[in-house]
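In the block that follows, a single chain appears as structure tokens, in the form predicted on its own.
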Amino acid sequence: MNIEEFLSEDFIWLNEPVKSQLDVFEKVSAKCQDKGFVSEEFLEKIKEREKVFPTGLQLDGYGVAIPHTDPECVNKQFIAVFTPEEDVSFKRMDDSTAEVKVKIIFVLGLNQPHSQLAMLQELMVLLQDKEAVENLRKTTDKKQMIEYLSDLSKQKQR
């Protein structure tokens, strides 16, 4: 599985001014709904799921989040990439009483159970590379983001 097949410039936000995870979810949901990728329920479902199963990860010196929701809300599969201008707080996956300041967010819009698990595993491998995450965070061009993620994915699969 190659991450590139799920990426589109339409669903990449770089250095985006947002104040909260809700802002992130609203922007991603509105764009994805406008393009027909998700149903009207997507925003509520992703907020609900994040409350019950937080997706913030504290890695080596940086935070990331990989929010996702029920497959029935997704019409066409996608991965949205979001780098906020200022870090955004997410509850931690491993300790829902703690928060992590997130530098990069991957919103998974996948409607095949095997796709979701495979992509989570692939992203976890990519996100273990601190230098790669810093480079993703600094990327200012959407095409470059897609190329970089695709190249990273291919390297890690070798």
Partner chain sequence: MNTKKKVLVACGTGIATSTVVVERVERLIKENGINAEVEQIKISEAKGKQEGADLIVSTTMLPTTYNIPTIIATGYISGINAEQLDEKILSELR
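Residue numbers count along the first chain shown, from 1. All figures in this text were calculated on a predicted structure; none of them were measured in a lab.
One more form of this protein should be noted, the form predicted in complex with its partner chain, which is absent from this view; the next part is about it.
The three residues Asp95, Pro113 and Gln121 all sit with a heavy atom within 4.5 Å of its partner chain in the predicted bound form.
When its partner chain is considered in the predicted bound form, Glu26 lies well away from it, no heavy atom lying within 4.5 Å.
Taking the partner from the other structure, its partner chain in the predicted bound form has no heavy atom within 4.5 Å of any heavy atom of Ala132. At the 4.5 Å threshold, heavy atoms of Ser39 stay clear of its partner chain in the predicted bound form, well away from it. For Ala30, no non-hydrogen atom is located within 4.5 Å of its partner chain in the predicted bound form, even though that partner is not displayed. Shown without its partner, the chain has Ile66, His68, Thr69, Asp70, Pro71 in segment 61-75 as residues with a non-hydrogen atom within 4.5 angstroms of its partner chain in the predicted bound form.
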